[in-house]
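A single chain comes next, written as structure tokens; it is the form predicted on its own.
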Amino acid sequence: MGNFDAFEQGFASPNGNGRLPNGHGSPKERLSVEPERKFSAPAYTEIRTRRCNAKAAAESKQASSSSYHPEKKAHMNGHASATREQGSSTKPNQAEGKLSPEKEHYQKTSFEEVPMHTACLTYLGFYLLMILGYINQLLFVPKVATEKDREGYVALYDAFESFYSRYVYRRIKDCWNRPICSVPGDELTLKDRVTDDYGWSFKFTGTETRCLNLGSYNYLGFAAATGRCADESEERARDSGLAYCSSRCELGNNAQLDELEKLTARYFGVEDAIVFGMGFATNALNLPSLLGPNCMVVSDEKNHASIILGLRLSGATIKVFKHNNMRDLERVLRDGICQGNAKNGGKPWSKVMIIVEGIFSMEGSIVRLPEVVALKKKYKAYLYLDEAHSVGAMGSHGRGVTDYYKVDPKDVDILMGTFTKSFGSAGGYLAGSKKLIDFLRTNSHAHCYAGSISPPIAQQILTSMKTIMGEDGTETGRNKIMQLARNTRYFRRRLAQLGVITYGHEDSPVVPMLVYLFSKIGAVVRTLTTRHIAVVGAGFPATPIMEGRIRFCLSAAHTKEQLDYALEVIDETADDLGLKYSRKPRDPNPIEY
């Protein structure tokens, strides 16, 4: 998604270990009683807090100070309390319609530019790592398998990717792919591991670390080991087993999946829907069925890797427009339609499709959907909307960005999303007209060949979706939507008050905090882990070289106390590591929750 290649993205997942101090109380008291801790990571020495007594004392008096600590809660495995949802009166955030779409977008979205000196240091540090890597490669044999007897054959691995993985990424490899041994609720349990050879290999220590979870896509808090979803999924597993062992077109279809598809269509307000067992592959496997060589696709430069893979497999002509830039989108549409298919002698395209995401997963920005729909109608194009991160997390009814902007869902030709995030399950869906869905049931590789959704997984989706829709007879779904909206605005505004740079829309629960330098990604992840906060780091090639970041994902399961604890630790870490790059004026007033 970066400048290196607009069509290459990746996702980072957390990893690490640490020990929780026993001290509680004010920040000053905790700092004074915490024992010295060692973190088993390559070339890392724990950064201890160096805040002066005056500053610590002043902050301890603030109303926002939290007594929350992950060790204090005798949590069930990922279970989140629902008491905070009762009596909630705050309305969900939504587009108010008082400003033009363009003005509202710029007013509510933040993309602060990196300071020049920080950009220079970032590039310098990255290329220094590259130089050290080349020297290391010349002097020492890498502790990995090498290709032999490959003369006349295509190399199995790209040379640069292999070098980057071994000598740059390896230095902070402990911060990625961290295994957990609990459900990803408001808290999770990390399995501790260490490396004795600077990241070439890892081994488990046999210990575990309980952390506040700020890295999972559990937006509405349905990923819990207890509660109605878990109970009904367990009951379904006992009644129907764990898998159908067949595709939908053979022996894998049943009344439960038919019910799920009807409920999904009703949830989004469209004619029909089809569900698949693989969320990430929904784009990759279905876009080739919808497109062809004589099709032109106009794609946002920040679109997800699964979209790009599907487009490449389809053979369609891909044209890229600048991220969320409607003027550039119109320019690309106009030029592409006027010029026609150059490979076919300039003849008109058989199909023109615009592909965007609801919430862009690395940027935290929200698509300017009303303007995209207007351009789609103006140029007679089709619109494909990926709502993997926005369905459930946006809108007063949790139906995604169409609900957030009050756009008629029938103005979007193809609605795509996953059940892996807000619904706390697995799989994905495509929704739209009955003609579209009937076509996919016949031609989609994911429908014809992939295994169908298992009974307990489908039951988790059914129960959570009915809860969101209020069909369970309670206000739980609406309260979760409002809680997520409140947590999102509060957390983003407090971060802005701290002076760090964040990207994205103020209503987006995906919150990237820019740290820029490659080395600082690892330092932040490791430091926060020692304070029992699990976060996700993202760097090149998932982001541009000089836009390394920490990506926070908020949840309705988080309480104000948990967010305040995280913000206190982030504030201290930002001071220690020099992360307060923002030049915007800070709000001196307390941020209301």
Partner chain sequence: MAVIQLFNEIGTIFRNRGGGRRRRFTKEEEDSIIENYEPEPLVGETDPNHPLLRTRVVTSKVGKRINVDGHDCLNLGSHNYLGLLEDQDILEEACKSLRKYGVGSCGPRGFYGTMDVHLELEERIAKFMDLEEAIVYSYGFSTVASAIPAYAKRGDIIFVDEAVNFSIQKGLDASRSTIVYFKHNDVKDLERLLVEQEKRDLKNPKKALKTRRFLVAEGIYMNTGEICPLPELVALRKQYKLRIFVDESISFGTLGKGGRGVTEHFNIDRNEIDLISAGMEGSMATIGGFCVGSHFIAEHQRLSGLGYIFSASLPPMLTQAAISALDRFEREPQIFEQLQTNAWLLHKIFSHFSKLRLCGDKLSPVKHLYLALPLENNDAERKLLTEVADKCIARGVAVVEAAYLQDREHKPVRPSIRIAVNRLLEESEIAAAFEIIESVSSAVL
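Computed from a predicted model, the values in this text were never measured in an experiment. Numbering follows the first chain given and starts at 1.
The same protein also has a form predicted in complex with the partner chain, omitted here; what follows describes it.
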property	result
All of Phe160, Thr207 and Asp408 within 4.5 Å of the partner chain in the predicted complex, heavy atom check	no
Any non-hydrogen atom of Ala223 within 4.5 angstroms of the partner chain in the predicted complex	yes
Touches the partner chain in the predicted complex: Glu271 (any heavy atom, 4.5 Å)	no
Distance check, Gln107 to the partner chain in the predicted complex, heavy atom within 4.5 Å	no
Residue contact check: Pro509 to the partner chain in the predicted complex, 4.5 Å heavy atom	no
Among 481-489, 467-475, 395-403, 147-155, the region lying within 4.5 Å of the partner chain in the predicted complex by heavy atom distance	147-155
Contact assignment for the partner chain in the predicted complex, among Thr118, Thr317, Gln497, Ser182, heavy atom within 4.5 Å	Ser182
One residue of Glu259, Asp196, Glu234, Glu112 in contact with the partner chain, assessed in the predicted complex (non-hydrogen atom, 4.5 angstroms)	Glu234
Contact set, 187-218 vs the partner chain in the predicted complex - heavy atom within 4.5 angstroms	Leu188, Leu190, Lys191, Phe204, Gly215, Ser216, Tyr217, Asn218
